[in-house]
Structures are given as structure tokens and as C-alpha cells.
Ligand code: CMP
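In C-alpha cells, the next block holds one chain alone, the form predicted on its own.
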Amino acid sequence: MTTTGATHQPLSSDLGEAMEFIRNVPIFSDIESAELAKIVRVGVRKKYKKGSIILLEEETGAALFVIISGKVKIVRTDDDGREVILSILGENDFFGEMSILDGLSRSASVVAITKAELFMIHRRDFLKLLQDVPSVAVSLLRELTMRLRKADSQIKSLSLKDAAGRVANVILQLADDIGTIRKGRVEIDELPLQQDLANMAGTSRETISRVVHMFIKKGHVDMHGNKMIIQDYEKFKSLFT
């Protein structure tokens, strides 16, 4: 991983386009145009190169980040120095909210796995928004609850399932987070590296390779370069959840 300086500029350089983007972010979807414009004017757009460290675990949280484009991974490092990937986020997802709400340090690091453009809202502006627009607070609680349920599912998968079940759970997680569904099939563009998948599944890279090849042989998935296609998402989900 490399630490590179981010380039940044006010998001309000194109107010209409910026407001349209922000409105597509679930926690901001119910905000009236006047309030939305205020958010856009105080926010800053930042660009990061692939491999850039955006946030470091244990540093003080000072902002909320929304992904305009690209993908990032949320990671923690265990006592042996190994990286554990908690999740991968894409366009319209957000991160950094926990340390804003409780005032504590960051609970994980965030790294760009592609070129990424982010929208940053400073802590004081976001806290004021929560006070002024209650619907944002309600939407945020809904999102946090969904993430908690997902974390519970991951813990269950890692503790109770065999290797195939753990790998399938990671594939389903990626499908939900960054996949595109088309007529029952889900396409996951730019599938993470096998080592990243292994870190997410709590297994080895060799196991990832073996299980993915098994899924291909059974017709559950196809691979085209680094794109994975789940042929029948609902059937695949029913087999492993």
C-alpha cells in the first residue's frame, strides 16, 4: 500500500450535477433541495490513486466520506500483522460515520483498491445536518442496522460454515455490495485479488482458487478475466445461506 496525497476541490464546482449525485446516496435521498445545496457547498471532492491509504485505523475521525466513483476496502490488521478485509464499498456508499458519532478514533483503515473520487463532509457540518434534518439521522440508523445484520451474518459464516460456505458468503457479500443484477444474473466487475478474497473469508489463497474452480465446474459462476458472473443469484444464495 502506498500513501499518496489526495487532490481535492470543492464539490460545488458544478452545483446541479453535485446535488444529483448526493441525492442518490441513500442517507441524503429525502433532503429538500435547499438543504442539499448547503451540503454540496460545504463538502470537498477528493481524488485518490489506486493503493492510497484514505484513513488509518486509530486516527481521529474528522469527516464522513461518500464514494463518488471507484472502490475502497475497509481493513483491520490482526496481532500478527495480517490484513483482514471487513468489506468492500463502491459508488454511493459511505464510511467514517462511527468516529463522527462517538468522537473516538477510527475503528479500521480504508484503502483505495481502484482510482477513487470521494465527497468529504467535515464532522461539524455533518453533526449539524443530523440536528437540522431528522430524516438523515433516521436513514443513517437504518443503514447502520443493516451493516450490523451483515456483520452478524459474516461472523456466523466464519464460525459455522466450511470453506465452500465461507467463500460463497464472501461472493454473496460482494454481489450485494458492488454487483450488478441483470435478469437474475449478478456481475461482479473487478473482483478483488484472491489474497483479498482469502482475507475476507478467513482462509488461504489456495482454498479460494480451489473453491471458485469448483463453483465454475458446477455451473454456479463464470469468470471472464477479473469479472465474476453468478448465473442464478437466488439459487446460489439458497444453497449457501
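These numbers were taken from a predicted model, which means no experiment stands behind them. The numbering used is simple: start at 1 and walk along the sequence shown.
Although not depicted, the form predicted together with the ligand is the subject of the following passage.
Of 125, 91, 97, 117, which one comes within 4.5 Å of the ligand in the predicted bound form, counting heavy atoms only? Selected residue: 97.
Going by heavy atom distances of 4.5 angstroms or less, which of 55, 67, 44, 172 would be at the interface with the ligand in the predicted bound form? That would be 55.
Give a yes or no on whether each residue among 87, 108 and 147 has a heavy atom within 4.5 Å of the ligand in the predicted bound form. Answer is yes for this spot.
I'd like to check something about residue 74: if you look in the predicted bound form, is any of its heavy atoms closer than or equal to 4.5 Å to a heavy atom of the ligand? Residue 74 belongs to the contact set for the ligand.
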